[in-house]
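The same protein chain appears twice below, in two forms, each given on its own as structure tokens and labelled structure 1 and structure 2.
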Structure 1
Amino acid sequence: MSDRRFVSPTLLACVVVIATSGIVYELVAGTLASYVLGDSVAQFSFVIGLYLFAMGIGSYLSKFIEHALLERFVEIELALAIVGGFSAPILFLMYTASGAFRATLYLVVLVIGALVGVEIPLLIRLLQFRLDLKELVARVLALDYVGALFASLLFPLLLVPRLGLQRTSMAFGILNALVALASTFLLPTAHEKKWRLRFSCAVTVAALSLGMVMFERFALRGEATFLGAPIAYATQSHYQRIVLTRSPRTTRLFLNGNLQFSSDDEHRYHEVLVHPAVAALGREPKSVLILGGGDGLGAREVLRYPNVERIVLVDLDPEVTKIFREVPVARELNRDSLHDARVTIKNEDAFGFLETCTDSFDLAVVDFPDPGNYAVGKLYTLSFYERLRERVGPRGVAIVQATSPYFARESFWTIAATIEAAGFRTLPLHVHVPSFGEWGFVLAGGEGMGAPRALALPRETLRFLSDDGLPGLFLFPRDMAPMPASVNRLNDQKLVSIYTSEWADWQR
């Protein structure tokens, strides 16, 4: 080797890079899987388990590498740079272009895990003649765990917010390729393949660097094709991929590829979300709490009532509220509701907000995404609704988005049963939204709350609702009728498994 003084420090530094990049690739795969396939707990469990299993395979296979260990190490590091670096772009393109995402995901995780599994034993073998075995194992494993911690901190705090998933994986691919390049300087001066390996490292770095520069442009084209309309705005927040599309006929919002609303028919959804609750309240609300609804469309409907004095809107993702405050097409949809002086925006977890809030509200509008994972599922639990009841009191009214009573019938009635168990009187209702089909809500209030018979706004004010149509919202045909349902509690979250199972049946 060229300079033995630097062999040990260089190879030990490689351990940190390998551990950090391996965990980053694993986190990228798990995050993309949870975005695309839902149920983040299940997806991260599958990815972590498969990754560790593949590392075991790689560690076993490393025993068959007997000669030219450093050269093999450089080649494996280059392979990791290519597969890991391009893992997120490949998975993203598979998601937008075909139905082979799941198979590609598991194959990529297997390959990355196996490559990382080969590298650590090779490094130990390369260092075994320079360090005492006890000292060697202690240092390698300690640095491996330090690298894992480093990656787990960097990923949510810096990498995803600043680079996004695709650029993060490519940046660490470049880092792996640079480690491979540095390792070539440990080869003997006369080594016949040294310059070939260096050239391969340079090409890999160049390809990944070009990918970082060019990928966003190609990704947006593929995403626009997949979503069926030109993209007006797209960004990656701490929590989700946010995309607004706009065609001559309609504007749509997608979160992690899932449609949230279409301007063609969102008025049906949001009118039913707000106005029957106000009618059931029996008076115009003065103070309103909106949980979720960062797009401002629910706030737009609430602001139709002139007596409203304040609205507190709580949405976890600041990027969503920023988009609907700043992007012209988004502001056009919500009629600048988020700029109204009566609206206060709080970007925090709704569960935590209810635990610390001491204010009372006449009306609470609860508009969360469906309970497809445990992070959202906690917002559909008995504990959550008990806290909500404290905020609206015996004379206030709440209305809760409760998924589809047709596609997820048991889920819908589980939500209704859980709200009732929190001490509310409940009145379930539903509406047909062409973009989604039948959609359900649960109206909740004190014992004196009755089904609303007349709207508090003139008929011509609204596009869909009318006094004549109100009673029909509360009638459920036999295929959506009430059914036995359990209470969704924080310690079990039965609703998440019920919901994912019901929707999976429709997607088969």
Structure 2
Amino acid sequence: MSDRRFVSPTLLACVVVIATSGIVYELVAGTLASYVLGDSVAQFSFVIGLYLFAMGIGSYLSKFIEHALLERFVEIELALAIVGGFSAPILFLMYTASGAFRATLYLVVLVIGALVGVEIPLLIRLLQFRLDLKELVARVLALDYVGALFASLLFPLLLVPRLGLQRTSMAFGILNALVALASTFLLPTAHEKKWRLRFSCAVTVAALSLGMVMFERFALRGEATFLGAPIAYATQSHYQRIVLTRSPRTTRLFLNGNLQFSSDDEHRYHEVLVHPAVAALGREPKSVLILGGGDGLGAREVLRYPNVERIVLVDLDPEVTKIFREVPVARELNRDSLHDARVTIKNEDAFGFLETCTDSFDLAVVDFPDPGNYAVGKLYTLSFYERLRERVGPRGVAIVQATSPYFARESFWTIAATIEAAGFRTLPLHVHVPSFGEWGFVLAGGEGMGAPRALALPRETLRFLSDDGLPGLFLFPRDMAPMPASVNRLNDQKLVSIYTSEWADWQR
């Protein structure tokens, strides 16, 4: 036995790693539970409670381990590496493959908690000959808490956004196995046993590494039915639940579970949202107002016009604009439009913005979620369009996302009638977006506005639109042809009930 007062820094680092992994597994379980089951407060509460309880069981059970402490410690670390490391993939699989998600979740939490519970008592006993109990408990527990802080900060800030849940859990599995390996060097034990233990460690590390490599395929199978693809980013803002998913082929954005775009075909939607309006304007817009559209995809299209001087983008939810400014896959999609020096982002309510704004704009792109509730519905009323008209003036043009003229025909024509009642001349148009179906827009302008005949961009710039294709956008087949509709007003918001009943009919 060497100097009683010496404990190597590597060993202390191991304590931090152990503590961090324990918390990370717990956070993975809690996060998954709230993704899948909802009600994050309840899910985190259950997971934490069960985890702590299981730790208690583990601590108690540790007294039954009397011999070969290091071997047991290494084995426990390896078990933890495997169960904890594979916990996220296992839980994803259980969610998609069977109905036993909840049972599996609690079982996994119970096992991890118990293993973690054995860990620290064993470690203290392993080290008790090197330090006084006073010193030992103080150091080990202090580092344990440091690890907890570490995990709590790393998890939301770095791990989930960068690695995702599955890779995070596997990476910490590997770290756990490496701690096991390190402890065979740092702590005394019989020579021949050491090699057996080191071999097990190596196998575990290899298995988890393979898991990491296989991740893409594995994740696809495991998460396929989870909103359609693996989650790249998910958050709950003040206003809505935002989920960005990414599979090898497509990136999708969901707000409150409703698909906002799919990278497969969003070009159809956004090209039609912007370019016919610019063509109808008859000149290149200098100042552009984008209402909604915090994803920056509309802005991306607007920025194709070199003479644009200023874009004001108003989106209520700062979380949405933050994601599309910061998350790499989102920035790739909007080609960093939200970082363009000409774009000013305002996170406020669009109606409130119009009430106070005194600037005028050549082009207004109005791209709100569908009028499925009264809060969004306000943005489809006569009062709203009257204010919009003041901002674009008689020479400006506005284009309004107006839900599907096929699935919600009366809603679409109600929006068109309301825009017209605000004093605009209107030109309704539609496009087929495979992930949405038939989708409609209303082009609105002054008396002189005519149907656009030619795009104001060089040929081959766009993927979907061409000059030949333009007239077709404005033709409405009989099953979505104009129908009588009344004006949608703030004090009745008939559109909300029309819209909800029309969509409910389709989902029946």
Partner chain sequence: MLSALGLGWLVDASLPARRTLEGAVVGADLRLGHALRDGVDRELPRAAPERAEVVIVGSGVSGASAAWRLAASGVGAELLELEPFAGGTSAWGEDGVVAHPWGAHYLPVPEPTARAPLRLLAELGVLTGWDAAGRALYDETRLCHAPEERLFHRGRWHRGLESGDVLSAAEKDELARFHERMSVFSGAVGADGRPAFAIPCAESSRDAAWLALDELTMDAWLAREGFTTSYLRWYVEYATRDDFGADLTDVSAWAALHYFASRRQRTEQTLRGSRYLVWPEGNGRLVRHMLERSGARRRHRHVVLGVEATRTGVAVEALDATVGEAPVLRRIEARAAILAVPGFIAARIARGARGLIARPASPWLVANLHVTRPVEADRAWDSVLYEALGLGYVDAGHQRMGLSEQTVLTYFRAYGGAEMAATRGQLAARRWGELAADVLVDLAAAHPELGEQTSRLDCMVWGHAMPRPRPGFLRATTQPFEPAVLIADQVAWAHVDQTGLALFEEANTHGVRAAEAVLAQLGVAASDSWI
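All residue numbers here refer to structure 1's sequence, counted from 1. Heads up, when I say rigid core I mean the largest set of C-alphas that superpose within 1.5 Å between the two forms. What you see is a predicted model, and the numbers here were worked out from it, not measured in a lab.
Novice: Kindly point out the structure, among the two, that is the form predicted alone.
Specialist: That would be structure 1, which is the form predicted alone.
Novice: Taking the rigid core as reference, does the Cα of G296 move 2 Å or more between the two structures?
Specialist: No; that C-alpha moves by less than 2 Å between the two structures.
Novice: Once the core is aligned, please say if the CA of F172 is shifted by at least 2 angstroms between the two structures.
Specialist: Yes, its C-alpha moves 2 Å or more.
Novice: After the core is overlaid between the two structures, has the C-alpha of G440 moved by 2 angstroms or more?
Specialist: No, shifts by less than 2 Å.
Novice: Can you read me the CA shift for V83 between the two structures, rigid core superposed, in Å?
Specialist: The alpha-carbon displacement, core-superposed, is 28.6 Å.
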